[in-house]
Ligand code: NAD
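What follows is a single chain, given as structure tokens, in the form predicted on its own.
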């Protein structure tokens, strides 16, 4: 089927310099509806020529109307865009459900998160301050925070709206002009957002959107000499390529590359409070979440109880078409489903137990990319299922004895994005928070409701740099020192 939308945007065109136009090559790609495998909508297949035009349009915007706005004016504009996004949250949720496959309730939550990012960064625009520094007599020294210039944003398919909010929102707040390349698998809500921003008064060229493949448009954007900063969210392998391309131009990069995040449940934990977090943080968006809690580490006295209670919840989960608004929708593509099934195939003959699985609803389209959520027990910490990012609705249960072993297992992967700790012991809470090698630690919760104010990012193979909060603003700016000798 061909998608129709009440948001007026041309899905087969690019936004460059305030104008909607086809790719220079004239070529298009088709998006797929992951719920049934049908063709959903065409998108323009942008390439290096379109990236060139978008970078130039962004550069022109910096010397034009966009660059002349004051911080307060930028703030009012971003806030106005956020209000417009919130007003169209239901339609954006429908587009996200069709395009990504996530249940409607998750799509609506993402749309409202995008609105909240714009609200936050709109309010922060005129609150990015420099400092005066004590120095030698006869000098006054101060610092200024200035935009990089033209920033590149390569956004994945799993959370298009949220990641646009936390990267493009922060970059615009600092006064940069943006070139945005969404994933070729899912970009309808990105295009819709660009249209909403344009209609709300965003000056031409401040935001440019080039759809297309990673190999063509994405690679051209990463290597473009006119880019001053790159924000990338995606796989470790692609992130390394982006960083290598940026290095040739000596361009700073923010990388968020996923994880294998643990939740650690000690014997004194409040299991009733923990259970919803243990499960939901692993199956949200069909497990296609960078910060998914894919490893559940349980101290041995509680292991059997936690396994049984999680299994009960898993058995009640239902998977089906996105528009049915169930617990889980499909995964994004046939390829992604194949990768997840490959990992599940490692269970056979391994001694690992399938503790529970959710169910696919009767009547789910045969062309959809459905994976039953799966809870695996007795998984050795060194096994591939406990080491590699599956990016699907699969969680592994791992027993441990004592704090030292919990830390060794938790830190014992190449990743370091998020961790959760469940214990009533205040001293242990602090010891664990300090010793865990990751970018975020949640004590007796997981995710803190997504808080747009909370700096987010990882260490090791999970990447570097920070998104969200004021740290993201600082990352999208350069610090300049001014030393005045006045005698």
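Numbering follows the first chain given and starts at 1. For clarity, every value in this text was computed on a predicted model and none was experimentally measured.
Form predicted together with the ligand: not shown, discussed below.
Within this chain, residue 232 lines the site of the ligand in the predicted bound form, having a heavy atom no more than 4.5 Å away. Looking at residue 222, you'd find a heavy atom of it within 4.5 angstroms of the ligand in the predicted bound form. Among heavy atoms of residue 360, none comes within 4.5 Å of the ligand in the predicted bound form.
Taking the partner from the other structure, the ligand in the predicted bound form has no heavy atom within 4.5 Å of any heavy atom of residue 410. Not one of 150, 171 and 226 is positioned with any heavy atom within 4.5 Å of the ligand in the predicted bound form. Proximity to the ligand in the predicted bound form, taken as heavy atoms within 4.5 Å, picks out 239 to 247 from the listed stretches 369 to 377, 239 to 247, 102 to 110, 394 to 402. A single residue from the set 296, 95, 179, 257 has any heavy atom within 4.5 angstroms of the ligand in the predicted bound form; that residue is 257. With the partner removed from view, the residue among 261, 208, 167, 158 that has a non-hydrogen atom within 4.5 Å of the ligand in the predicted bound form turns out to be 158. Along 453 to 474, a single residue, 456, places a heavy atom within 4.5 Å of the ligand in the predicted bound form.
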